[in-house]
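Here we start with a single chain on its own, the form predicted on its own, put down as structure tokens.
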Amino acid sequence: MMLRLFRLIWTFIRLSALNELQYRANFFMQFFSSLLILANGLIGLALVFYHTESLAGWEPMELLVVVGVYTIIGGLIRAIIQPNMWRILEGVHQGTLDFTLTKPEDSQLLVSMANFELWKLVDLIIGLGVLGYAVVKLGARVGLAEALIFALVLLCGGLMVYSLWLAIATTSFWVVRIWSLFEFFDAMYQAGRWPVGIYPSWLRMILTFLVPVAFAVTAPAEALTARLNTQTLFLAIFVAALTLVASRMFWKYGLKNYTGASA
């Protein structure tokens, strides 16, 4: 079963890569765009630390870890999650989703993995570079335990983000125009450039449970900087499992109420 799943995902990746490789100039445009976005973020950090030595207890290299994680998650969103969720909306509106639902494989898997925008993974590579540089500068403060916990929390954060996007896309079975919800998520995700601890309590609640920036960006950065406590770790695992199951159930419920393009 798992082997079949990996083969299916690999097929999607290969087909998407072949399609993207037809337009190789897009790589350089994406690379240049990603560097500009990163430069903008680094300039913001430089301006902050020009006036202070720390921000809410975070030192420069520790905040650079936050920037690296933010860039990695953003790259995964733009390369994998976002294009597939937009495709669900288009499939509902244009009727092409009907063809996907008639296939024998699991419909959620098909709509979640059908499209990879290869060049946008440049953000992932740049983010890993920034993260690696920051970790080297932090030195002995980052060990194997922190790295393993970081990977676990990063996975949990990624699953939360995916679940939220899937839930939003599923509402297209009932609501015609939901682009504003995606735009709202993008706007709120911008706050992930900074640790959520610097924001007022009401905004921290939104960035933790409504738009899971705290779990997707801040918590992994805390894991690498020895700031993550056990309570947050277990909460991240619990919320990730909960949102994944809830989004799955909501998707199944949406399919039962989906009448198709011919209705």
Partner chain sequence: MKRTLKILIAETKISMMASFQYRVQEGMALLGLLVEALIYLVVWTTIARAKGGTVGGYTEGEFAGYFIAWTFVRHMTTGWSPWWMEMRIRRGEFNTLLLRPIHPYFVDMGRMMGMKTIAMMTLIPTIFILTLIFKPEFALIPWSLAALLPALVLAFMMRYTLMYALAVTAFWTTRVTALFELWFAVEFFTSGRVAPLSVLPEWALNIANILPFQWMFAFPLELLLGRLSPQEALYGFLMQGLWLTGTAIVVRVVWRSAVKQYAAVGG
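Numbering follows the first chain given and starts at 1. All values reported here derive from a predicted model rather than from experimental measurement.
This protein has a second form, the form predicted together with its partner chain, left out of what is shown; the following refers to that one.
Colleague: Can you tell me if residue 191 lies within 4.5 angstroms of its partner chain in the predicted complex, counting non-hydrogen atoms only?
Modeller: Output for residue 191 is yes: heavy atoms within 4.5 Å of its partner chain.
Colleague: Answer with yes or no whether residue 40 is in contact with its partner chain in the predicted complex, where contact means some heavy atom within 4.5 Å.
Modeller: Because a heavy atom of residue 40 falls inside 4.5 Å of its partner chain in the predicted complex, the answer is yes.
Colleague: Hey, in the predicted complex, is residue 187 touching its partner chain, heavy atoms inside 4.5 Å?
Modeller: Yes, residue 187 sits close enough to its partner chain in the predicted complex that at least one of its heavy atoms falls within 4.5 Å.
Colleague: Any chance residue 238 has a heavy atom within 4.5 Å of its partner chain in the predicted complex?
Modeller: Close contact is absent here: in the predicted complex, residue 238 is far from its partner chain, nothing within 4.5 Å, heavy atoms only.
Colleague: Where does its partner chain sit in the predicted complex: which of 179 to 187, 118 to 126, 101 to 109, 154 to 162, heavy atoms within 4.5 Å?
Modeller: Only one stretch passes the 4.5 Å heavy-atom test: 179 to 187.
Colleague: Taking its partner chain in the predicted complex, would 36, 48 and 203 all count as contacting it (heavy atom within 4.5 Å)?
Modeller: Yes, the whole candidate spot contacts its partner chain.
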